[in-house]
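Quick setup: one chain, the form predicted on its own, written in structure tokens, and binding and motion questions come after.
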Amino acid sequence: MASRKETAPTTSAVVASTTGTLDSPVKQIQIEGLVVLKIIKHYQEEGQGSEVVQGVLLGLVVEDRLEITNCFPFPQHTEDDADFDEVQYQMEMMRSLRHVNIDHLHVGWYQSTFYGSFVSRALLDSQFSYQHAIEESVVLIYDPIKTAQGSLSLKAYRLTPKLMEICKEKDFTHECLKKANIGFEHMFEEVPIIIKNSHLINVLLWELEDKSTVADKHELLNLSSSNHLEKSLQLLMDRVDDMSQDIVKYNTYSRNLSKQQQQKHQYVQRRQQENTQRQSRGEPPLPEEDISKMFKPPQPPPRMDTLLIAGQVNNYCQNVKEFTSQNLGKLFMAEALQGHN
């Protein structure tokens, strides 16, 4: 589980007792409404602006469906809390839930996001740790900004099998990624989510809907979206700048590598000419030397960071597309209502 400082996950000790119970891949996720409310409440109580909140998902696997029935948050702690043990905290929470007959199997984790900024190396490492220990584990991404616009934004992601193999080998070079045919669109796979409530909860929701005022319903037609769109475009431009810098680094590496190959080829030709001349004079040829030691290849830049940046850029573009599409629909609806009046 990645901490608030986005450090490496520590899940092996926690999931040791649950690894043997999950045997089938996940095709669908069923979430209890209580879990959704707990995630939203966790962010409202502890999340501030771009502050990320995280927690643990509990549940069970039924055939190809992952049922998330409960969750608990990670408490806030700083570097000064040297005595805080995340693994021990998780074990105590799961033990307490088991004592009150609540599902306690570890099936993943959740994290909030700020304007969709969740595609990062920290999330990749954390999800790989979870998915390597528990094959069916998922990460839930909750976006409070989009939720505040009128619709719940909660998505579930898993690492693709190709990316899992790359992460196991820990080889993120250009050749390895090209051989595996992995692009930013093949890194994460989204799993469909179904929110399930009991019949009593559904009746309560119907009653609340009947009691809601007309003014609250009209808030969904609010067209003031300049701040949200401006922030999304600003984050998109920042990521594009990062992508441009990575491209410059890779182009520099390619030029240095090509230049070194030419120097190596010229050295071999000069060596062959000198040996030919020495042989014509009856002299012994020059001793062979290890060319790889004389011409050490330049260190290639890691390509995984570039893929993550490309994935985040694509995510920002999708968010802007969805947001503008909703606003266009509101504009056409408002125009139709105005013409009707």
Partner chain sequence: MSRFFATGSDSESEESSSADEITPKAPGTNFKQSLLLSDDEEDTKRVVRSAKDKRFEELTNLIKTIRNAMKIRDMAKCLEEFEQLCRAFLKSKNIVDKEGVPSFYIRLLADLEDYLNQLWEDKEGKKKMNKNNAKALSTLRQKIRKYNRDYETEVAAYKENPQESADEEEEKEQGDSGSSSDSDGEEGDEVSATSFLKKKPEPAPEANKFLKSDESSSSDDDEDGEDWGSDTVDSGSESSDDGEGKGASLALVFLKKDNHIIWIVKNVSIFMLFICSIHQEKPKMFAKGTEINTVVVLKKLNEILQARGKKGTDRAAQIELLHALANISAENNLGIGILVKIKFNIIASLYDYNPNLAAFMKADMWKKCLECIDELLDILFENNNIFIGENIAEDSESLSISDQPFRVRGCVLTLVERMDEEFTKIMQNTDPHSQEYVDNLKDEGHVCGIIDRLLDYLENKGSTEEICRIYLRRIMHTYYKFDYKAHRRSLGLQGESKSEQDQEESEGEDSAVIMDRLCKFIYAKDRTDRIRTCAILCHIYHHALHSRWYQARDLMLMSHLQDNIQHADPPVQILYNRTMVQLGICAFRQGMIKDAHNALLDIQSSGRAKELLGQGLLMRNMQERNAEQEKIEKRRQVPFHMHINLELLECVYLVSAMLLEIPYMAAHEFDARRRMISKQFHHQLRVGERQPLLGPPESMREHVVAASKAMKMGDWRTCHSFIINEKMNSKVWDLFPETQRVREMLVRKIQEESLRTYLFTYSSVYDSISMATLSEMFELEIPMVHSIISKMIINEELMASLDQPTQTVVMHRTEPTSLQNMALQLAEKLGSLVENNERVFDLKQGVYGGYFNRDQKGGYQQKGGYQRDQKGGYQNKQGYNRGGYNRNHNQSNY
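Numbering follows the first chain given and starts at 1. Note that this is a predicted model, so its numbers are computed, not measured.
Unshown form predicted in complex with the partner chain; subsequent notes refer to it.
Relative to the partner chain in the predicted complex, residues Val119, Phe172 and Cys176 are all farther than 4.5 Å at every heavy atom. The partner is absent here, but in the predicted complex a heavy atom of Asp241, alone among Glu190, Glu207, Glu165, Asp241, sits within 4.5 Å of the partner chain.
Taking a 4.5 Å heavy atom cutoff to the partner chain in the predicted complex, the contact residue among Ser198, Gln262, Ser212, Gln234 is Gln234. A residue is said to contact a partner when one of its heavy atoms sits within 4.5 Å of a partner heavy atom; Glu230 meets this definition for the partner chain in the predicted complex. By the criterion of a heavy atom within 4.5 Å, Thr160 is excluded from the residues contacting the partner chain in the predicted complex. Taking the partner from elsewhere, Asn251 is found to have a heavy atom lying within 4.5 Å of the partner chain in the predicted complex. For Arg255, a non-hydrogen atom is located within 4.5 Å of the partner chain in the predicted complex, even though that partner is not displayed. The stretch in contact with the partner chain in the predicted complex, judged by heavy atoms within 4.5 Å, is 241-249, chosen from 145-153, 241-249, 267-275, 190-198.
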